[in-house]
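Shown below, as structure tokens, is a lone chain in the form predicted alone; questions about how it binds or moves come after it.
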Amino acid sequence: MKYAKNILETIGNTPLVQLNTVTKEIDALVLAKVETFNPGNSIKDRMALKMIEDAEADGRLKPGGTIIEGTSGNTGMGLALAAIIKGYKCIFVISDKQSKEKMDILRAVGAEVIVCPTNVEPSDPRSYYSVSKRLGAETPNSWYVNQYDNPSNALAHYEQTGPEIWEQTEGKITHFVVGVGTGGTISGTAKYLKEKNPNIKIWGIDTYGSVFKKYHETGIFDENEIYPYITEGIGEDILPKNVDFSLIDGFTKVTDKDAAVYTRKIAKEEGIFVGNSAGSAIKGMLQLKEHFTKDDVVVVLFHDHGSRYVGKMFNDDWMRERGFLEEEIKTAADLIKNHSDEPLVAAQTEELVSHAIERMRDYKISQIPVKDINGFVGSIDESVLLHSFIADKNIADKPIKDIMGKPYPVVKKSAKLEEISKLITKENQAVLVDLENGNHHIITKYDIISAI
């Protein structure tokens, strides 16, 4: 009989799958190493088990101990599966930008999850780096994994991922393309492949807001390059010891939007339901297409499963809110179609300014058209309110007509985006759309920017 003695024995030996549509611009054979076939649905199962086994062997992890780690979710899943089989507890520290699905999955497999803010410095005591280190120091009989600097991370891929790819391609691989986060996957796999054939090119996929690409090219750790980004699992604001830059031939950066768009394309065009970093890898590969020839064999690694992101890039509302959904916006009707059923928030000329202030606060808006019995006769926005209040502290008790500005221009639903854009100026903050049923809707600068 053929069976695994436990779930950990199913880790590895994931398939290579030819990509046919999403990479049609690339003149090479493109093969995806689909790591979602691991039991935890990500490549991190490999290094999680390796790190635990090495820590057990040298006594860092003792029976009944607690495993503590800062994770974007996937490493935590791999560690949790191993912990279940081996009898350990888990505490995982995760940043608040990670998907809710990842947090829920970690809790579902018995881990304690602590959520930390994303937009803080790594050295900030609130960061997930700092919190996980502190917990590691304070928790009795615990082991702090530290996947970023743990050599067993890269070693797992040197021993497993690299050999698998070499054997599956019969040594014909010419390029390896992979997203870079902790650095273990790219460094361990690259070390093995380059030992087999030094001519194999290794390309790292980075994201805007991360330091890897510039550091690789210049040796400069530029803190000005560090800023918040949406893409999960790749890029860093630190230099993990597991990133061996000497093994990497180059990096390309991919935007958050392109990463999200191409993640959806992989699902729709190849039938492979994978995560955010896979979208980054495919778009990065397309950006590098001039490096590939028809005789090349390019292997791209798909890290994790799309189920981790159903509330994000696989959700139309989430994509639309960030301007990531590829919708054709040409007219006023296109701009407002997703919220045209919402009532227009307006004010009356005789209402008090305090009413307008309260309405802006309640609806979180910056502009309000002003009406009387004959129709729209004025407008009020937060900058007018601010200047008026500075000039007269009693302005809140005066009628809106005393401080209102000119009425907003009114356009038809068929008005072109270019026409609407020209109407929005420093003096005129919005445009009203005639819905042709007696009602109107408002278009602001934010709506125009979101559509660009």
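Every value quoted in this text rests on a predicted model; they were computed, and no experiment measured them. Residue numbers run from 1 along the displayed sequence.
Not on display, but discussed next: the form predicted together with a small molecule.
The closest heavy atom approach of D206 to the small molecule in the predicted complex falls outside 4.5 Å. The shortest heavy atom separation between Y309 and the small molecule in the predicted complex is within 4.5 Å. Interface residue remark: G78 is not counted as part of the site for the small molecule in the predicted complex, having no heavy atom within 4.5 Å.
Put simply, A83 is far from the small molecule in the predicted complex: not one heavy atom of it is within 4.5 Å. In terms of contact with the small molecule in the predicted complex, the residue from P369, G162, G183, G284 that brings a heavy atom within 4.5 Å is G183. Taken together, the three residues G12, R46 and S152 all stay farther than 4.5 Å from the small molecule in the predicted complex, as judged by their closest heavy atom.
Note that among 354-362, 313-321, 257-265, 228-236, the stretch whose heavy atoms approach the small molecule to within 4.5 Å in the predicted complex is 228-236.
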